[in-house]
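Let's start with one chain on its own, the form predicted on its own, as structure tokens.
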């Protein structure tokens, strides 16, 4: 048994990671912006797991030093999952970049000071697949890095993930030498929701199910199940080969309309969108639907990837994208959110 700190513990991926850690016999502590969120989180975890769960929460924010030393006290491993992921992207990129980058460094410095063995950090495919322009590789893998300076092929979010992960690696290779680091780089994360506090990634399912789109934008998404992402975090924590490595996590690539087909087959009584929207119309609709603004740069683009390293880490194939889509919808319907 190890003592593990999970930052951003109330988040979608973090909640599943906490359960996986507990199932593996580890002792878990979490961070959140307010310790008062412990009761709601424990109730959510208990309801989903079907048993009583009670973890401690320490108040620690990405933008301040208070609470981090207390949170790290006695900790063996750090799972750093806290990072801003808003539904609507800000005009000022620093609104996301600053807390993502500074928060990662703050957590790693506190871990180093406390003698933590290894940190596992949630990064993203966003730190691999963007800023390439027309030179983007046909198949992306962990050796590739996004170029955050190419603003035409980035959003505030993709830049924040790249700059935060870069800063983390620079830290452990320099000032933080001795602290082991592994990074998990998932694509769009779907799968079972535990509560109505819906992750922005689940909008891929929510928007069609709520009939908010007349048809589907010409988009493709790499899809991965949140349970695989949680398992990868736990595996990377103790796998002797994981330090110094990134793990690109994705099961397959689907078009938005293919995701819609899966949902329409499962929910024939619902009026879901059909067909695809021309790109010019999506750009026009984004002026009325802020959620669409962040997808405009992605119209017509496909970002294929190699997931062999992640499969080797897990020792199995990943959950099929279809199951991840259906579990997102099922749990949100059961929760009364759809």
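Numbering follows the first chain given and starts at 1. In this text the structure is predicted, and so the values were computed from the model without any measurement.
Omitted from view is the form predicted together with a small molecule, to which the following refers.
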**OP:** Tell me the stretch among 74 to 82, 258 to 266, 134 to 142, 148 to 156 that has any heavy atom within 4.5 angstroms of the small molecule in the predicted bound form.
**Re:** 74 to 82
Original post:
Honest question, do 11, 62 and 199 all end up within 4.5 Å of the small molecule in the predicted bound form by heavy atom distance?
Top reply: yes
Subject >> Residue contact check: residue 123 to the small molecule in the predicted bound form, 4.5 Å heavy atom >> reply: yes
**OP:** Consider residue 181 of the chain shown here, and say whether it contacts the small molecule in the predicted bound form, taking contact as heavy atoms within 4.5 Å.
**Re:** no
Subject >> Non-hydrogen atom contact residue 119 with the small molecule in the predicted bound form at 4.5 angstroms >> reply: no
Original post:
Is residue 217 one of the residues lying within 4.5 Å of the small molecule in the predicted bound form, judged by heavy atom distances?
Top reply: no
**OP:** Heavy atom within 4.5 Å of the small molecule in the predicted bound form: which of 293, 37, 29, 309 fits that? Just give me the one.
**Re:** 37
Subject >> in the predicted bound form, the one of 107, 248, 193, 189 near the small molecule [non-hydrogen atom within 4.5 angstroms] >> reply: 189
